[in-house]
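One chain is shown next in structure tokens, namely the form predicted alone.
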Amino acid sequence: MATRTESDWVNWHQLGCRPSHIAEPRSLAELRTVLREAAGRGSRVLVVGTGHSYNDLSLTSETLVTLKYLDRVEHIDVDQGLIRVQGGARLAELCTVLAGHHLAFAVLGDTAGQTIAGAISTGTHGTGLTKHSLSGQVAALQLMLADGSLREVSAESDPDLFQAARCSLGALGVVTAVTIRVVPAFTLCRVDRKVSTEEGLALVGDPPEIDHFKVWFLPYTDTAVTSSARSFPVSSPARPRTAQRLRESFLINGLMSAAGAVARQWPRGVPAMNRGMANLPMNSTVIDRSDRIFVLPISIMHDTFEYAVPLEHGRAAVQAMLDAIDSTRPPLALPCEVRFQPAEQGWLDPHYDQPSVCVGAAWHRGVDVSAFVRRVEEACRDLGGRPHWAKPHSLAAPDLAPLYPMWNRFQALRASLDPTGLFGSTAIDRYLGTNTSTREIPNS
């Protein structure tokens, strides 16, 4: 087992920490040893995947455990449409494995660099009111608890723990294996269409029942872009992707990198620049294997937030975001993304028990949009919105608890499964509160 002490660790978003210990177990036995030794030192444990978060959720000054070597595919059942993998398996590699068996994930987000355990634990989702998030596709979980025991969990064997563990920020135990539902491989046809801001708002208020649908709003313009993707059998012919990938890379990375330079050095020029970009051709149609359509070739460094607002308040939340742009004049040179999500069952899933409009904005590193973010957060909170766990937000446990009907039941399970508060970090303390039923947590 690879273990080191007092080393720097940097997450995907280039946020860093200096854990007292970093462990990279290669087996469940080694993981069990890591937990036992951390408990003996009086150190809390934070388990991370690839650290694919925009906030400090994957940072700790105590014991950090990565599952990078626990990444095996354990079983594929083509007939039942199930795949069981270890928690450290990465989505991108799993897409390739599934394609080799003529299978696919029913949904993915814009990126596939996360581990399966990290993705479900933070509520990673795609877009469209007919498709559940990755955690919503989970059929069973294997958890290693604080005492080193393994628990196989499903809706049939332990319904409460199953719903609590599907999106738990790693606060209940280590997700060592996931059994997730998959579907026959399919092709997606994605159509991007430029529309007016008003038409985009109308579609937010009454979203179409398309497999995968989102709306992008370009700040300081009367331009929105709808992105609609419909699924077809995998035998559908795929159009050549080279030109499309070059176009996407230019628009997303090349053009947006240049826009970032303007936003940082001449923020007052952003509105005029955006109006110029709104004149670019944006309509397109592309057909390809599902994961290649879901995942966008994003490489620019940016910050972002996202709130899941109840569907009936979605248009009001997006309008509030657009109004905040007008009133605070932030140098937003990236489109504001609006996604959609059906109600989920995981107790701490931001979409628990409510179909949602996911209201988000992104901006380049190094620009000041703080007044804008405060204004939008306030509006989303007033409308019953819940923040994305892996993206920055200002809410702490006392603010979050009233938003989740099953909060107290989750906390009771957390205390019973981890009575010594082994699993935790500064960020988890902030979001979920401390779990200190029998011992004092060391300072961090």
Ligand SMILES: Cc1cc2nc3c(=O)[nH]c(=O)nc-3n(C[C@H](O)[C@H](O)[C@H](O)COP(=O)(O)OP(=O)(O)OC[C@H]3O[C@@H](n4cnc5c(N)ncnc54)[C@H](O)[C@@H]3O)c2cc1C
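One-based numbering along the sequence shown. On a predicted model such as this, the values are computed, not experimentally measured, just so you know.
Another form, the form predicted together with the named molecule, is not on view; read the next lines as being about it.
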Practice problem: Have a look at 189 to 197, 99 to 107, 112 to 120, 368 to 376 and name the one stretch with heavy atoms inside 4.5 Å of the named molecule in the predicted bound form. | Solution: 112 to 120
Quiz item: Though only this chain appears here, would Val215 touch the named molecule in the predicted bound form if you measure heavy atom gaps against 4.5 Å?
Solution: no
Quiz item: With the partner left out of view, is Ser43 within 4.5 angstroms of the named molecule in the predicted bound form by any non-hydrogen atom?
Solution: no
Self-check item: 4.5 Å heavy atom contact, Ser58 and the named molecule in the predicted bound form
Solution: yes
Quiz item: Does the 4.5 Å heavy atom contact test between Thr124 and the named molecule in the predicted bound form come out positive?
Solution: yes
Quiz item: So which of Val357, Val175, Ala333, Val85 reaches within 4.5 angstroms of the named molecule in the predicted bound form, heavy atom to heavy atom?
Solution: Val175
Self-check item: Listed residue that, although the named molecule is not shown, lies within 4.5 Å of it in the predicted bound form (heavy atoms), from Leu169, Cys95, Val204, Ile325
Solution: Leu169
Quiz item: Since the partner is left out here, which residues of 31 to 64 would have a heavy atom within 4.5 Å of the named molecule in the predicted bound form?
Solution: Leu46, Val47, Val48, Gly49, Thr50, Gly51, His52, Ser53, Tyr54, Leu57, Ser58
